[in-house]
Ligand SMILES: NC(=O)c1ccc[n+]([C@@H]2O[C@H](COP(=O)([O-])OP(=O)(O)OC[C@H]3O[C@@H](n4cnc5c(N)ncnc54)[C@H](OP(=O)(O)O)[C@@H]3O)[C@@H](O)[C@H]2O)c1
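Below, in structure tokens: the form predicted alone, a single chain.
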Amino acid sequence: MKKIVLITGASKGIGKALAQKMLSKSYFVIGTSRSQNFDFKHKNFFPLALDLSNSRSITNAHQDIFTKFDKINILINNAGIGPDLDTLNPKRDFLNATFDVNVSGTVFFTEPLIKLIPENGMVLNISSKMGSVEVCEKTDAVAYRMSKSALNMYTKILSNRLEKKIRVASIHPGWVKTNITESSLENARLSPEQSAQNIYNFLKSDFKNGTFWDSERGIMLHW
């Protein structure tokens, strides 16, 4: 039986590249998107509408998942936003929107699904080294940085709760050419496909539960 991976934010960027990578490796992929604007199809791909900022959308997605699937081997929380990237001063609207998706939405989407993940399954949170408290030296992207720090704390809490059952990790995907900002699209070092390959290599490795991993450089990161 094929292993099932659920990837949020799978219609573009890293999420799309991850979905296509996992499909090429014979996984069954559940891919979510706010728009459901997927420009690819596959017999082992199940598209799912999900807006992490909307509690009703989360509930509807859960209903679809629990109706159609009795397990999920890997959950990859990839969906995220960064409206204040490349800006210096915090704005309330940006902070609220960012936390609704990157933190609250991700947490409350994940929690009910844990019961579907069998022993030796995984939860991978696509975070960022911008969320590292220890190495932070810049003053930009207040909401985005804070949201990734909060996501990292959720990783640690889950890894403690699920010790010896399910492995949980935060992953920095590298600087990737996506449309999250114009500077990323123009100047980033990695293509989505390169980042997806690095993340795939990590999930296939014997990584330690509760890891914060830089998938671009292949090293552990400071929380």
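Position 1 is the first residue in the sequence shown; the rest follow in order. Quick caveat: nothing in here was measured; it's all calculated off a predicted structure.
FYI, the form predicted in complex with this ligand isn't displayed, but the following is about it.
For the residues V101, V123, A141, I72, the 4.5 Å heavy atom test against this ligand in the predicted complex is passed only by V101. For this ligand in the predicted complex, the listed stretch (173 to 181, 153 to 161, 23 to 31, 62 to 70) containing residues with heavy atoms inside 4.5 Å is 173 to 181.
For the candidate spot formed by I76, S191 and Q197, no residue has a non-hydrogen atom within 4.5 angstroms of this ligand in the predicted complex. Remark: S35 counts among the residues lining this ligand in the predicted complex, judged by a heavy atom distance of 4.5 Å or less. Taking the partner from elsewhere, R145 is found to have every heavy atom lying beyond 4.5 Å of this ligand in the predicted complex. N209 falls outside the set of residues with a heavy atom inside 4.5 Å of this ligand in the predicted complex. Though the partner is left out of this view, I14 does reach within 4.5 Å of this ligand in the predicted complex, counting heavy atoms only.
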